[in-house]
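The chain below stands alone, shown as C-alpha cells; this is the form predicted alone.
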Amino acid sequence: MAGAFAFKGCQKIRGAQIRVLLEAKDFFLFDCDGVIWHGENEITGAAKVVNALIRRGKNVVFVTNNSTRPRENYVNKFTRLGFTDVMLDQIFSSSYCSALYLRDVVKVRGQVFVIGCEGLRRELLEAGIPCVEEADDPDATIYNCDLTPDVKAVLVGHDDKLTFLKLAKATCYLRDPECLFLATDNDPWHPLSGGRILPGSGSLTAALEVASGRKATVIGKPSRFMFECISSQFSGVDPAQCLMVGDRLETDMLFGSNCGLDTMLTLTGVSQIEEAQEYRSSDLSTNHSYVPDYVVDTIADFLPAFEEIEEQNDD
C-alpha cells in the first residue's frame, strides 16, 4: 500500500483522520456510479465535497468504466446535479481512454468494429478513428452478411443491443491475428433497483473470448492505462499524492493498487466492508490488492473535515 498513515489498512476513518488525508493529498480520483451518484440522483453531499476540493486547489478527476455516454454528456450530468466546477478535461471514461489507446498507443490504421453503444462510437469518431458502419439487412445472418475487409481492431463495450450476428462478426474479424482485441472494461455486472442486475461489458467480452480463443486487452479499470492517460494530461502527477475513491473492490481498489495509489472504499455502492475484510484475511496474497486503505460510509463524511480545516485556518 502507498503512503504512511498509521490508520491505514481497511480502516473506517472519520473526522480528524479524514482531515489529515485531505491535507496530505493533492490529487483525488473518483469513480462515479455508486460514489458520486446513483442513476440520476446525486449521493447526498457529493457535490459539496467535489466543489470544495476543486475550490481548495486540489486536482480532481473522474474515472469511470461506463462506456455508454460521451464525455460531454457527463459534463451536462455533473452540472445538472450541482457539480458546478467540473470540466471536460477532468473526465476519463473507458470509452475516451479506448479512443486514446487506439489513436496514440497502437496508432490503428484501419477500421474498428465496435460492440457498444453510440457514446463509445462518438468518442472514437471524435478522435478520428473510423468505425465499421452497421447496415445489415434485418434478415442477414453470418452465412450471408458482408464483412468489412480492413478491420484492424475489435472493441467491446456495454451494448444493450447486442445480437448474435455482432458476436459472430467480431469472432470472424478476430481470426486475423493482426486484428487487435480490446475491451473498454471487464465489469461483470451492474446493480439495478429492485435487486435486479445488468450484465456488464465483461460478460460480453467473456463470450467473445471463448468464441475467438483470444484474450482481450482491457483499457479501463483496473488496468493501469487509465492512470497513464491522466498522467499524460496533468503534469507532475505523483502516485503518492493521489487518493482513489471507489465503491467496487475488484475494480476501483485493484486499480488503485495497480497504480500505487492510496485507496478509499465508500459504502454507497457495490462492495461492503465485510467483503474487504474477507479479502484482507485471505491466504492468497493476490486478494490483498482488493483491500482498501480506508473506508467511509459516504464521501459526505469529508464535509466535517472541511469544517475542521476552515476553523483551523480561522484561528
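Bear in mind the structure is a predicted one, so any value in this text is a computation, not a measurement. From 1 onward, residues are counted along the sequence shown.
Not pictured, yet referred to below: the form predicted in complex with another copy of the chain.
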Quiz item: Picking from 144-152, 226-234, 101-109, 121-129, which part of the chain touches another copy of the chain in the predicted complex when contact means heavy atoms within 4.5 Å?
Solution: 144-152
Quiz item: With another copy of the chain left out of view, which of A240, L81, A206, L88 would have a heavy atom within 4.5 Å of it in the predicted complex?
Solution: A206
Practice problem: Find out whether any non-hydrogen atom of R196 is located within 4.5 angstroms of another copy of the chain in the predicted complex, and reply yes or no. | Solution: yes
Quiz item: Heavy atom to heavy atom, is D160 within 4.5 Å of another copy of the chain in the predicted complex?
Solution: yes
Quiz item: Any of the heavy atoms of A135 lying within 4.5 Å of another copy of the chain in the predicted complex?
Solution: no
Quiz prompt | V75, heavy atom within 4.5 angstroms of another copy of the chain in the predicted complex | solution = no
